[in-house]
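Next up: a single chain in structure tokens, the form predicted alone.
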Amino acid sequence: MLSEPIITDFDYDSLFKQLRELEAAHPDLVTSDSPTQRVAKGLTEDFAQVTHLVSMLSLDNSYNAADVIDFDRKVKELTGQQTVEYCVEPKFDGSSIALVYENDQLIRAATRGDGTVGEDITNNARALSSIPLSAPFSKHGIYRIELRGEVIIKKDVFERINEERKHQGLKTFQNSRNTASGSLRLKDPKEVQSRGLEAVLYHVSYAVDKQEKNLLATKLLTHYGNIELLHQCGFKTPIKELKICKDSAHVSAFLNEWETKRLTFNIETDGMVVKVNDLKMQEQCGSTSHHPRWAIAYKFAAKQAQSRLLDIEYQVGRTGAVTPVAKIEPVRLAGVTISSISLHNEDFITEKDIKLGDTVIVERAGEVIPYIVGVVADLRDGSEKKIHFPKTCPSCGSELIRPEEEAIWRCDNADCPAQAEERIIHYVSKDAMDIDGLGRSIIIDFVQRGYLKNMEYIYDLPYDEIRTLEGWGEKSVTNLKEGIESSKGRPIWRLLTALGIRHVGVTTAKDLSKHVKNVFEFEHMDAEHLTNIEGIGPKVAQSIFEFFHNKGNIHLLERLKEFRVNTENRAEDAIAKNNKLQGKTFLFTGSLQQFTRDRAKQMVEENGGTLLSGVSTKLNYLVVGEDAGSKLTKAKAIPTIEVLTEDEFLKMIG
């Protein structure tokens, strides 16, 4: 990695000070690529959308050596070659960026976004000393060039930043990848500069001369050669970690070498990237709409660590579900310090034979969610204690019940304080009533002070008293009032979501809202009537029936109506923008590449279609992404279901 400083920090600071004094005395000497011009003045209020010169595709993933061998076979078939040379390099775990240079000057930096369109973060990118403001591309005949890279925070830098934040009484960051991604979107470039970010450039996606002639595969012939070029032009690159492998056997050997090496590497990596070195061969391989066929990401096995189970806390959710949470000795794993892990339910504890005091094996599933794989029974010394699931609610003391065919113990007390708190948190959430200014910590504080007992209290807060609290000024109180006031006009599907009815999420709430003039009509529907609504099965129908036949819930709705919260299905709230998909039902499965799951649902609803939650004879279309599983298998067994690719779905809605 091009990271070794050629002078000391002291010498650099002295030279920087001299340069700043020189420019102050002679403003005519200031150039746009001067180190003193890195941080833009003022704040970036928002980030404009920009289109990449070349789409930033994802990478096909592999978790075993057999996939790499199969990848090699496909490349040989596509290129007609007997042997293929590969470049293998670390897959950095950070935030992707695209840089555009024109006439040697940095003119744009953008986030990956959806792969076609990203956010313009040029001002923030200029704040990173590892991104040259100018580079001598013209010496190589290049007029305009687009580079790809990753913004990362080195492990030791990340630890130092968190130590500093601890001493300042600030909240520490959880992991370097999210910190890097979030830092690039900060409004103040000065703050960006303080985050220890570095940009590592690993790809040239576009390069032309002044006549707009494409230089890739004509002058820039290999991936390795391009990395050397970037290195020579002053960019940080993976040139020291990159290896040219003559065949797939050498690739596999190098991957095995890095399985261990990555643990001591100073940058978080979640795998290695294998790329065809020859750019003409890359062109022969081509790409799918999702990934290039000339590259594959080899993912390392999930990282594991051992820790000791100290205690178990039992958390009560908004529906009364009691979830055991393991408290373990803090352990560092895949860039994150883990001290709490969900144990899901009583059966999970029994099946894993987990005891208090056990040494447990912790893994981050998909390098994200912490999970207890099992216990190290050989390390037991007899002091471990069996875990007894509580019989009463840890919040209100009511007896817990376990409904038939469920693995969850529940508190059935409607007045349970813990449930009330979680219900309020859910009520104000983004997918529900979306109330700005009422975050989790504020709600917990207001509940403890007695300001909030249930949802209706949100609309009757003691603002005069809140103004006197520490951290609350006139502006913050005004913002809170405005956020709460604006929530009163939300469409009823948001209210139905916010009420926290079991099994009723956003999609089901939208389905329900299409069949009533106001929410009180559900009070007069039986479960059989509800199952006639598209997408509503017997279990969901029973849950809705029970909610609207509970006098306390109807009283809550009446009180919300008195506070002028909208309970009517208004014409302006209609979800569909056209009727292309009217009467058609859809379900999405697998890893979607061209749009998010939320965007997919939105597109269906905007076109008059309906989302279902599972495969059944009521389903018309199953849209499949990468690695579609059991839903695809079930759908193929039902002849009336048509299976669509993402492209076919997009074509259907135009």
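Because the structure is a prediction, the values reported are computed rather than measured. Residue positions are given as counts along the sequence shown, with the first one as 1.
Omitted from view is the form predicted in complex with 2-(butylsulfanyl)adenosine, to which the following refers.
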In the model of the complex, segment of 520 to 528, 434 to 442, 69 to 77, 196 to 204 with a heavy atom within 4.5 Å of 2-(butylsulfanyl)adenosine: 196 to 204
Leu560: touches 2-(butylsulfanyl)adenosine in the model of the complex, heavy atom cutoff 4.5 angstroms: no
Contact flag, Asp511 vs 2-(butylsulfanyl)adenosine in the model of the complex, heavy atom cut 4.5 Å: no
Glu421 within 4.5 Å of 2-(butylsulfanyl)adenosine in the model of the complex, heavy atoms: no
Contact test in the model of the complex: Glu89 vs 2-(butylsulfanyl)adenosine, heavy atoms, 4.5 Å: yes
Heavy atom within 4.5 Å of 2-(butylsulfanyl)adenosine in the model of the complex - the one residue of Arg185, Arg112, Arg144, Lys352 that qualifies: Arg112
Residue (of Ser613, Thr585, Gln602, Ser58) lying close to 2-(butylsulfanyl)adenosine in the model of the complex, criterion heavy atoms within 4.5 Å: Ser58
Heavy atom within 4.5 Å of 2-(butylsulfanyl)adenosine in the model of the complex - qualifying residues of 262 to 285: Val273, Lys275
